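One chain comes next, on its own, written as structure tokens: the form predicted on its own.
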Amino acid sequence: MSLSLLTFRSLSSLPAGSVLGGFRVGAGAPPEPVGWPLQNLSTPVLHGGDPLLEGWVVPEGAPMQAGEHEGVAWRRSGDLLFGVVDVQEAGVTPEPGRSALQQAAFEVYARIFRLLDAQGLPHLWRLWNYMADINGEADGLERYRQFNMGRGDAFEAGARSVVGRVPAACALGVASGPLTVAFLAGPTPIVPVENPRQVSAFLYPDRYGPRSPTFSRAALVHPPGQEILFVSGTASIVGHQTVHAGDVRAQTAESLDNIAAVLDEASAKSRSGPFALGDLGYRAYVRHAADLATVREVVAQRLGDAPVTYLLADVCRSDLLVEIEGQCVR
């Protein structure tokens, strides 16, 4: 069964196929129900402006199951599972010693792991995490660091590793809304890919928070007859330190250098052949809308005609101005 990621402007323009799940990106009111798990990312699209839909699509007529499990909307085709869960921080009751966001992150991931166990699909492949005010401080700690604590606690409580073979992921900030997490899971473990130019995120020193982030720099996964490469959100970090503070042009170039290094590592592990920068489709998250022209110029020089969606979002560190993620489906 083949899986593909398609972008379309409206449901009427959806190409042939059945949508396993996907995303609506763009500012404005939430859409009408679409019949499949949908992560609504209400933040401006910086090029073109209008909201767009992205869907993971399987062939028309493929068997499909769907349901809801503890607030997780999910859809399954064969051994492929996509889900979305939103949690309002105001609706959670933190356990002693936890902030509302930390508790929300723990509950989101605990629910996801229970769903995976119930479905007999234990392996997370890719996660998309978004939250309000990611760089804000509450209860004496930056909110992104609180999120990492809740996520890591849930991995450990669910007997999942927090180092090594962990899924690809991103975590971005938006102006408002719930903690929203989308995921793609399957029956086989990922092949993790790290970046020799960077310290693995799950090994960051404690200067970045009480618990390190739980993600691989990239992940190779293998649905039947396919290979998919997920490149996690990638920014201007060398070793574990931000570089080129205040210089969006240099940060964009450094982010692409990091992706190129990840692709070299992924190519050495690939079953389908080497990966080049132009082989992927991308999302670029830009902190300041005024920086869009500069970011697009640098990206175009390096990626050519590769498809890129530019979104307004805050990156996980306040001194990072841009983050880029991508995927290649073969």
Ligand code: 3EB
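We number the residues from 1 along the sequence you see. Since we're looking at a predicted model, the values are computed, not measured.
Keep in mind that the form predicted in complex with the ligand is missing from the display, and what follows is about it.
- Message: By the heavy atom within 4.5 Å rule, which residue out of V19, A313, V25, C316 makes contact with the ligand in the model of the complex?
- Response: Only one option qualifies, and that one is C316.
- Task: Could you check which residue among S77, N195, S99, N129 gets a heavy atom within 4.5 Å of the ligand in the model of the complex?
- Result: Only one listed residue qualifies here, and that residue is N129.
- Message: If we define contact as a non-hydrogen atom of the residue within 4.5 angstroms of the partner, is S255 a contact of the ligand in the model of the complex?
- Response: No, S255 stays farther than 4.5 Å from the ligand in the model of the complex.
- Item | Contact label in the model of the complex: R217 to the ligand, heavy atom within 4.5 Å | Although the ligand is absent here, R217 would touch it in the model of the complex, with heavy atoms inside 4.5 Å.
- Message: When the contact criterion is heavy atoms within 4.5 Å, does Y144 count as touching the ligand in the model of the complex?
- Response: Y144: contacts the ligand in the model of the complex.
- Message: Can you tell me whether I237 touches the ligand? I mean in the model of the complex, with a 4.5 angstroms heavy atom cut-off.
- Response: Although the ligand is absent here, I237 would touch it in the model of the complex, with heavy atoms inside 4.5 Å.
- Name the stretch: of 207-215, 110-118, 83-91, 222-230, exactly one has residues whose heavy atoms fall within 4.5 Å of the ligand in the model of the complex. In the other structure, the partner sits against 207-215.
- Query: Taking L38, E54 and R283 as a possible spot, do all three reach the ligand in the model of the complex with a heavy atom inside 4.5 Å?
  - Reply: Looking in the model of the complex, the three residues L38, E54 and R283 all stay beyond 4.5 Å of the ligand (heavy atoms).
- Heavy atom contacts to the ligand in the model of the complex at 4.5 Å, residues of 161-177 in sequence order: If the 4.5 Å heavy-atom criterion is applied to the ligand in the model of the complex, 161-177 yields A169, C170, A171.
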